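One chain follows as structure tokens, the form predicted alone.
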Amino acid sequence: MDDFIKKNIRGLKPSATLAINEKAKKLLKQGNKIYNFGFGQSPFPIPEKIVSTLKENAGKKDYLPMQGLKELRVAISKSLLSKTGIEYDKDNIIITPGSKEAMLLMHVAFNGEIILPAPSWVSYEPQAQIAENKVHWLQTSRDNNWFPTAEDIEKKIKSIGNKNIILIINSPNNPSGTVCNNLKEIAKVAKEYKIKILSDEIYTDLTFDQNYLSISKFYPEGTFISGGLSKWCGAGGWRLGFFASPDGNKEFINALKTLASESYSTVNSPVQYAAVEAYQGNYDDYKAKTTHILKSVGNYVYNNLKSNKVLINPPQGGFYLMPEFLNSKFKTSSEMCDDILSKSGVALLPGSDFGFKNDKMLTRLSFTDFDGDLFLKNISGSKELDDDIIKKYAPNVVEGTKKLAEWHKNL
């Protein structure tokens, strides 16, 4: 029945991040000891006041406007203004069931071509494929923190020619855990060639130096922003995201609203009311503590895994590291990850899922396999978390890192 499925859909596979989570769960049920370094989910509980607000509004059953609750769009607009210095009007913001859906709507509505730096999150390319938008990959290097240079982008734009283009930037980055240090230069090129940028800012609140830097600061008129509650707030399962557009894109916003009305209709009402509290309330202390834990755990993995044969850039935000295992034993990173899982119990994602060539032995490592609630309750202040604390409250991460290092030594 191949002809029953559209050509652009046939080659799609289930999301790699969700697939590894299901595989890890299956192995766990079979009695295997698994270190789940493959799935990037916040380990921390949602702040209690936000949960209480959800409970208070659990009886709200009426459909909300397809664009989203006005109070929530206002709260997000004010939050973005305070963080970026740029005003995104409430009428240019759409509330979506997760930022993933926001990006899918963008791809479906957009008529043009997409530039993706490798590495990029696993769903960017499949979503473009669903929407039949051609993807142009830009390979990056460790020396530039796994982000493209302005020169690389300019060369790619010239090769594409006179077409509508969206460049997707994600900083801190999934999968590398690094921060883009050349946003100003990238913005300058984008502005010169009048291309649009989607700034995926789902991890920006988890930047380890506490500096929320958005490329919109340098190119406000051409930058879309997507974000949500899944990462900084620990509310991945609530499915609350947003898409914000600068002024001058009314027809595009209207197209997104129409797509929303014909697909999910509206995001569930109780979560939208709770999200108002999430964006209006002051959760700086919660963010500081969770980010401090993530930074400490990430640095532990980095310091105990890196070697002259395991190359890694230090973590700068989010949940991830991107180790490269130098060896000639495996033909593909996927084959290597299968070997790692079977021999050490450590679940990783291969670099090929993120846009790298198959023969580059890069992987994504998520260091969130610990009880975030327990960890939060047992630390105070911002003092440095020593190895003993990490061993006590993140034992799976410690054991998994040791298993991974031993696997590589025994190759």
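In case it trips you up, residue 1 is the first one in the sequence shown, and so on. Treat the numbers as computed from the prediction; the structure is a model and nothing was measured.
Omitted from view is the form predicted in complex with a small molecule, to which the following refers.
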Exactly one of W121, F325, F224, Y88 comes within 4.5 Å of the small molecule in the predicted complex through a heavy atom, and that residue is W121
Using a 4.5 Å cut on heavy atoms, which of K287, H107, K156, K100 is close to the small molecule in the predicted complex?
K100
Answer among 51 to 59, 37 to 45, 24 to 32, 372 to 380 for heavy atoms within 4.5 Å of the small molecule in the predicted complex: the stretch 37 to 45
Does R73 make contact with the small molecule in the predicted complex, using a 4.5 Å heavy atom cut-off?
no
Is there a heavy atom of L18 no more than 4.5 Å from a heavy atom of the small molecule in the predicted complex?
yes
For F243, is any heavy atom within 4.5 Å of the small molecule in the predicted complex, or not?
no
Closest heavy atom of Y219 to the small molecule in the predicted complex, within 4.5 Å or not?
no
